[in-house]
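Heads up, the chain below is alone and in the form predicted on its own; it's given as structure tokens.
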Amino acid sequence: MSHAGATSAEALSVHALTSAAKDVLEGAFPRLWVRGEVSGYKKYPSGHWYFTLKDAEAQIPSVVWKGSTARIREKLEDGLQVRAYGQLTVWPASGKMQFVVTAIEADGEGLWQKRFDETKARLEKDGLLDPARKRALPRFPRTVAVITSSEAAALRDVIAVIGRRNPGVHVVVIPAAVQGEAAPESLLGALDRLARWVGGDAEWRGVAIPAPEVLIIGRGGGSREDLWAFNHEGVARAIAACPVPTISAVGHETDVTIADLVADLRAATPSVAAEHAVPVLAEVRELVTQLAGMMADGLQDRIQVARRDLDRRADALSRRAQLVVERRRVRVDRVAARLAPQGLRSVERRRARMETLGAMLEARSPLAVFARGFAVARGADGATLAQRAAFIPGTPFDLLLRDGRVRATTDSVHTDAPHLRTDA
């Protein structure tokens, strides 16, 4: 039985031959993983990647078409050991066998660690790993935000722990993909929503609960590839820029990611993160009671100190007052001693003057006139009768003497006055 190309008359075209070889090769080899070292890596303007996979004994040309490059996170370079997944085929145009790659993983720790170290170095250069920038967690948060998968067991653990420790704390879940190609963008979107909420964006103003005061971001355990979204540089920078303190809880205790390094606190697991975020309500109440007692004792001590201080001040003021009084008493005594003689002399002068004035008044007193034998005549109306014309014969009048009064009647009036004569 003959076949195509068996005779010169049935000769195949080169294209037919390479196409047939392509079909045979692809049929014989399904998609598979190949381990090797990257060599001759080139990224063309078309977006395709070309390189050679080789080991110590052989090599095969390889390509990553532009449509597949977005799904490959590894940064290829010569000398890297990788595992490549793809299809062995023949490129008809050149007749060369090549390996069409659609996925690449690091072979061993080398590539993964290199990418980790490069990202860490860039963040460290910008100061994002500096311990001095770490913020303290709020002691008594009212609202805790959680960024993780809405279906993850880690979320259930966080909610259960917070509910047990303090049922009054609100837990706000901002769901995000935590593994796979879409995880970095999803985490960035969740962090952006949180930042806009805390910043008072209109989209969040209708929410009745307070804005979150602390963030827990992370997921449960998984493979290195599952956790790799938390090593994404953009995610790390967004965590560092978060407006509230952050707790990173990615994987298990032995897993360390870039997110752990930039967060304000790293927790071994999501459950431990919840314990760090929220204190036990009973312990808070006990602490408040203790603080109240300490404040009361402190206040009593302050009162005692103030009282003693007031007593000391009162004693000091009393002593000062006594000194002032004593000094003024001494001064008064000195002034009194100086003024006493002057006072006595002044009193003597005034007493002598009073005696003189008394004698003068005594001399002018009507009683003294009466004592010398004189009398005063007054009419019935009490008016003094000092002239002869005031006496009318037959008219009664009173004659005032030193020791009494005499009722008299005018008998006659004469012009002569023997008591006024000066020739006797």
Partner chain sequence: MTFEQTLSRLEQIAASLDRDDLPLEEALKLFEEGITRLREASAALADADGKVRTLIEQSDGVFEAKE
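All values reported here derive from a predicted model rather than from experimental measurement. Positions refer to the first chain, counted from 1.
Just so you know, the form predicted in complex with its partner chain exists too; it's not on screen, but the next bit is about it.
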Notebook entry, point to check: Quick one: of Arg142, Arg224, Lys120, Lys114, which gets a non-hydrogen atom within 4.5 angstroms of its partner chain in the predicted bound form?
Noted result: Arg142
Check: Which residue, Val325, Leu291, Ala153, Ala93, has a heavy atom that falls within 4.5 Å of its partner chain in the predicted bound form?
Finding: Leu291
Note to self: Although the partner isn't part of this model, could you tell me whether Val171 comes within 4.5 Å of its partner chain in the predicted bound form, counting any heavy atom of the residue?
What the structure shows: yes
Next item on the list: Although its partner chain is absent from this view, report whether Leu299 comes within 4.5 Å of it in the predicted bound form, heavy atoms only.
Entry: yes
Check: For Arg165, is any heavy atom within 4.5 Å of its partner chain in the predicted bound form, or not?
Finding: no
Next item on the list: May I ask you to state whether Arg285 is within 4.5 Å of its partner chain in the predicted bound form, using heavy atom distances?
Entry: yes
Checklist line | Partner-proximal stretch of 259-267, 229-237, 123-131, 188-196 relative to its partner chain in the predicted bound form, 4.5 angstroms, heavy atom | finding: 188-196
